[in-house]
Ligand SMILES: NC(=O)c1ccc[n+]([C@@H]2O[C@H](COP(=O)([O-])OP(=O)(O)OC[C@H]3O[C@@H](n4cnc5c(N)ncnc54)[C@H](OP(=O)(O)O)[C@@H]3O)[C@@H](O)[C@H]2O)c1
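Okay, here we've got a single chain as structure tokens, the form predicted on its own, with questions on binding and movement later.
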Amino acid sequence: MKKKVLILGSTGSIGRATLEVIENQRDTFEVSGLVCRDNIGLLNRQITQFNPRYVCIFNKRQEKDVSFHKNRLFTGIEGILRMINTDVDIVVNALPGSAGLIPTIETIKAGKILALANKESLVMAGRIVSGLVNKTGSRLIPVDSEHSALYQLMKDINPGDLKAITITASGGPFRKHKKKALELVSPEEAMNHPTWKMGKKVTLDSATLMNKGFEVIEARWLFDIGQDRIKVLIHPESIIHGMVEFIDGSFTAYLAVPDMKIPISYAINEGKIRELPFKNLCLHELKRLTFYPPDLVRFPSLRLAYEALDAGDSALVVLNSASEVVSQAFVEGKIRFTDMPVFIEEVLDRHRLTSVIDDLEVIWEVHNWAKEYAEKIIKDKR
């Protein structure tokens, strides 16, 4: 029997790459459902190619533009939840932002295999998500290249042998910029990532290193490891995606070309490695692999992520929510690149700390407060 795959965010970069993998593994998978925010033209082409059983869009007013059976076309978050609770086997959650949290929770509750590319699920509610995984027996397999690398490296490790884990970062498009020059960079420049082709929010977060901060938070919950043992190194070549350090001073590392189809294939194949007809890594072509520590003065967002982890659960929600607001403000030209971490830190300083949150309603309350407060201070200081 072929595995039925539901793709949340099918027209984004992860969704498109997932469909490429499935196209090359038709013997194993079939597309059960597609979820799209607003790229209806591409969605219609995906429908023609993969003939899904269900489709969901966010905006009901666009129903007339979708070339699909109306009785199997859903809308909004309610439609996504209905699709999760069909006979689907694997859910790829590639939705951007906080919108991905509820589908993550529902997928785990339904006992499905979750291939998770939505960072915000673990940043906002890592305690709740990891607790549900343990309780339900559902499987959560990370899609991020860094976490996929660490997931594979740590499968058979004795916890007592582990000293630390290292997540690598390309450094983004501004890794050589002086601090003063960062004040003048444009949204268009921030979207010019040197290695990866990603969605707008994650690309911007990579430029600020907030994305790497989010990955540190994800790693804390995915691997049940203290933040003091989660390291970050800038690695411009983006060949080593993760490393494990042992108590005897030795390391193991995961190397691959920077191609999201590799971790996607691993995730939807439930931890099995399949041959892929895409570009492979040629070690003899590598001229050098370089590493250096991140500059937390020029890129303070990574520091804020570590501090939020130290502060507790509510700070993690605030960090994510404020980041969504300031990122949009920068893209719209309302604030400078260097203003983003300043505003985020101000929201963090003003929030009422709750160290442990195990209630989704409380998470949404903190999320809404943080978004409103971030929007207010941006408006007041313009």
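Sequential numbering from 1, following the sequence displayed. It should be emphasised that the depicted structure is a prediction, and the values quoted were computed from it without experimental measurement.
The discussion below concerns the form predicted together with the ligand, not included here.
Taken together, the three residues 22, 44 and 278 lack any non-hydrogen atom within 4.5 angstroms of the ligand in the predicted bound form. Though the ligand is absent from this view, in the predicted bound form it lies within 4.5 Å of a heavy atom of just one residue from 198, 185, 230, 132, which is 198. The listed set 236, 294, 300, 97 contains one residue whose heavy atoms approach the ligand in the predicted bound form to within 4.5 Å, identified as 97. The ligand in the predicted bound form is approached by residue 35, whose closest heavy atom lies within 4.5 angstroms of it.
Although the partner is absent from this view, residue 39 contacts the ligand in the predicted bound form, with a non-hydrogen atom inside 4.5 angstroms. Proximity of residue 370 to the ligand in the predicted bound form: non-hydrogen atoms within 4.5 Å are absent; the residue sits far from the partner. Taking the partner from elsewhere, residue 241 is found to have every heavy atom lying beyond 4.5 Å of the ligand in the predicted bound form.
Stretch-level contact analysis of 174 to 182, 199 to 207, 279 to 287, 133 to 141 against the ligand in the predicted bound form, using heavy atoms and a 4.5 Å limit, identifies 199 to 207. Residues of 43 to 81 that come within 4.5 Å of the ligand in the predicted bound form, judged by any heavy atom, are 58, 80 in sequence order.
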